[in-house]
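Below you will find one chain, with nothing else, as structure tokens; this is the form predicted alone, and questions on how it binds or moves follow later.
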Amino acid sequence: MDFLQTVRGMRDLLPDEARVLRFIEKKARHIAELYGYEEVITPVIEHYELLAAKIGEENRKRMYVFEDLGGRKVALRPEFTASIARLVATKMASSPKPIRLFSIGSLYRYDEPQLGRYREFWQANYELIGSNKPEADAEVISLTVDFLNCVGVRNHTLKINHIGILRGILEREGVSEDGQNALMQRLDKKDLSGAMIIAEEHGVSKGGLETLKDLFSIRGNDREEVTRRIGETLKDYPEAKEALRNLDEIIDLVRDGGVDAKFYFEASFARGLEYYTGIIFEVYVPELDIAVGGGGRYDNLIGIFGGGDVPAVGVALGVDRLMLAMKRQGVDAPKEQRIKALIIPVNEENISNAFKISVMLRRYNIPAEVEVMRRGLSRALSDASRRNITHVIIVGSKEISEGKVVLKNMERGIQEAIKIEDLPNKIGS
């Protein structure tokens, strides 16, 4: 009977969990509206070649890949950005810039299931396309902080770096793009010694190796101290120094804009996705040792898909991990105080009348249920109390003969006989 269990890495969301997920989704849409991001919906299944491009070797290995009945090699999307880049390169190629796009939905990776890591997971994704200016990067950071605050997550920190610093050093040292990506993958796994070995294997000079070694030791919350130390290590690498200047400009905009963002600077920080060209960041909370979101700048991906020279920056927030962070921090999604009516027929003769009343109430946008278990009145009232029903309508033969029903306000404990046509106004008041 294994088929009665969920497939490993997948899960059922019970009503309370689904309520929290939908709460986060609602907040994600609210933030999208505040910042002017329009929703797009892309397929769960895409061509393998599209999704595999620039996603990184480790992520390619974890994709759900299969051949469809037409013999095409396809995959379940492991992230949103490739699909958005395809969309912009094709159907939105002539759209005026900037383009601000929002997506939310399920993604799939064949990861080893563990705390906060599932093979089916949800993300809220925001992409700002068409600007290479620092204010675009600052906007995405501001959006990220506002989203976290909106769902009630506290004490969040953005670990941040600029991938252009590392690439500037490696390009000046003559390291190929494949070599750079291999080194970044090691850094993503926090394997600093492995990254140094790859640098040496790709011919990085002795001075370059010393620079990387010094760079990898720099981290901290003190922005001035960190950027000063990074700048001192980059004296022979002008491209890397330009990337550091860009990072400084972005952070200045965030600070001057009044965004309450707490940064942690880490010069060895890299992400597994290969398409990043500028700032990169991940979001952490003290209660979890896994990121609840992340993003960065990717100026070349749309061009790879034939869309020309179109810069872009974006962020994805993990809905599942935000749910976990909220739980760890004791933050609950507020339950909406909504009217819920239950119509109880006292006997079988009044079932049709109860059903008719429920239809009428719904036409007035009042949620209404009929007691379909044919319980006795006492048990039905007890069930109504357990399920937070706000109003009970008792349909009895005597009252019906007078065109009335008994309405009980469960919160006040008050009941009265009223005319059926007065129910919508009485319940809604």
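The first residue of the shown sequence is 1; numbering continues from there. Only a predicted model underlies this, so the values are computations on that prediction, with no experimental measurement involved.
Form predicted together with another copy of the chain: not shown, discussed below.
Note on contacts: among Val370, Ile55, Leu381, Ile400, the single residue with a heavy atom within 4.5 Å of another copy of the chain in the predicted complex is Val370. Residue in contact with another copy of the chain in the predicted complex (any heavy atom within 4.5 Å), chosen from Lys190, Arg245, Arg72, Arg228: Arg72. Heavy atoms within 4.5 Å of another copy of the chain in the predicted complex are found in one stretch of 326 to 334, 249 to 257, 175 to 183, 273 to 281, which is 249 to 257. Each of Ser131, Ala138 and Phe305 comes within 4.5 Å of another copy of the chain in the predicted complex, counting any heavy atom.
Of the heavy atoms in Asn155, none are within 4.5 Å of another copy of the chain in the predicted complex.
Contact check for Leu14: a non-hydrogen atom falls within 4.5 Å of another copy of the chain in the predicted complex. When contacts are judged by a 4.5 Å heavy atom cut-off, Thr90 counts as touching another copy of the chain in the predicted complex.
Leu377 falls outside the set of residues with a heavy atom inside 4.5 Å of another copy of the chain in the predicted complex.
Along 109 to 130, a non-hydrogen atom within 4.5 Å of another copy of the chain in the predicted complex is carried by Tyr110, Arg119, Glu120, Trp122, Leu128, Gly130, in order along the sequence.
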